[in-house]
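Okay, so here's just one chain, in structure tokens, the form predicted on its own.
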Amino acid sequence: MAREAKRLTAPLDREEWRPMTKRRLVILGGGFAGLRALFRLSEIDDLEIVLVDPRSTSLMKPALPEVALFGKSVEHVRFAIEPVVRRAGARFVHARPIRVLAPERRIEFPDREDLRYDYLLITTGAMKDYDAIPGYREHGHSPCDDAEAPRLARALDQFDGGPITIGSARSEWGRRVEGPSLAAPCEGPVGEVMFMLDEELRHRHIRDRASIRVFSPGREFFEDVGPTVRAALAPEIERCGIRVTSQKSLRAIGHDHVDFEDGESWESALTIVIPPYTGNPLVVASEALGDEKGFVPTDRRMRHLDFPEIFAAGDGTALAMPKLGHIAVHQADIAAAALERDLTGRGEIPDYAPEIFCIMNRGRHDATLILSNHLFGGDIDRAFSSPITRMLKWGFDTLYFHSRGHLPPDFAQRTLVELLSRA
């Protein structure tokens, strides 16, 4: 408790306060990866942890489609970061950094003193570049953040029929780190929205007045999983009367249509898109911190390729593909273990073994649990649909919200993965 009290009462911007023997870890970002690493590292002695985020709240992104389509309050998908950080015995800086001066181990801010660090963990996530799509601000909608999801909900309240278009814009990735390259950052949200929207329109008795058409820039829809998962989902897509077209790259959104790079246009009364992902602006503004697209290049222990005292985890890394919460947490565990080894000489660092593990919400009473490492050369490719999986998703969201950022125990997830991999 004494260590915690000392951290909580000392001024944030006084460099002279820090004892020479106490090393400082700065975590940039308070999402899935940032909080996971914070919880894992908060018990290390003689380590001062400072978490920096321009937001005052942490956002439960997997629950945003429910805000957009099922009337869930946006206040039930975000929670204040500062109390969480304080309970972990760390410090919270609510500010937006300008850039990281990596050779000097220093972070610049526009309106406060610079923050120095011994170690840096970048968990800022990627940027969703809505403005890269001409016409999006006037005519497009998205479930991807806590501003856009309520806006989509309002548009759906006014929707009374017509053609609906759903899909992902194409994203571009750097080439410095080897790994899979996908046309879309993650198409799970597209799947959730199309299934949930189908149910919602049926619930409102207007499904017969609307068509749902989905586009994907990839060679196949859901290209981050294997043929078994796609085959399991295909009958459900057909049953819902949803048309899917792959290899379609979005060019622009109009008032009553969408345009594609191949010259084709579709009529669209309501257009819902996942925007392209780009590197976080902080990384882009920081010399030598990101690759040519602004994503942080790391090795498989999540250590920066050029700066050994810098680690990264989550959507903002070049290695994260697809951009998925489960992979962000996996990377955070590896980064935390590598940092602990650097700081204490103790602990084992997990192998980097990414997999697609997610629960795709398909309505109020059904969901599909997906486990696949096909993208990474593995032989696991499973999908399990049931009201039970819908309950699992509800349980995950409820636990994460009410525990303020804690995930289910590792053994529970490992058991679930093992059972599904054997199914």
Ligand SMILES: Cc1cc2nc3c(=O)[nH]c(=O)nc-3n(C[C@H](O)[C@H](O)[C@H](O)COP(=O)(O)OP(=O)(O)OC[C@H]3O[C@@H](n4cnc5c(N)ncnc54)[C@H](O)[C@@H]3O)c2cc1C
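Residue indices: 1-based, along the sequence shown. Keep in mind it's a predicted model, so treat the numbers as computed, not measured.
A second form of this protein, the form predicted together with this ligand, is not displayed here; the remarks below concern that form.
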Okay, which stretch from 207-215, 277-285, 230-238, 296-304 lines this ligand in the model of the complex, with non-hydrogen atoms inside 4.5 Å? 277-285
Interface residue in the model of the complex among 334, 328, 225, 115, criterion: non-hydrogen atom within 4.5 angstroms of this ligand: 328
Could you tell me if residue 144 has a non-hydrogen atom within 4.5 Å of this ligand in the model of the complex? yes
Taking any heavy atom pair closer than or equal to 4.5 Å as contact, tell me whether residue 33 reaches this ligand in the model of the complex. yes
Residue-level contact is defined here as any heavy atom of the residue lying within 4.5 Å of this ligand in the model of the complex; does residue 324 satisfy this criterion? yes
Hey, in the model of the complex, is residue 313 touching this ligand, heavy atoms inside 4.5 Å? yes
Using a 4.5 Å cut-off on any heavy atom, which residues of 109-128 would contact this ligand in the model of the complex? 123, 124, 125, 128
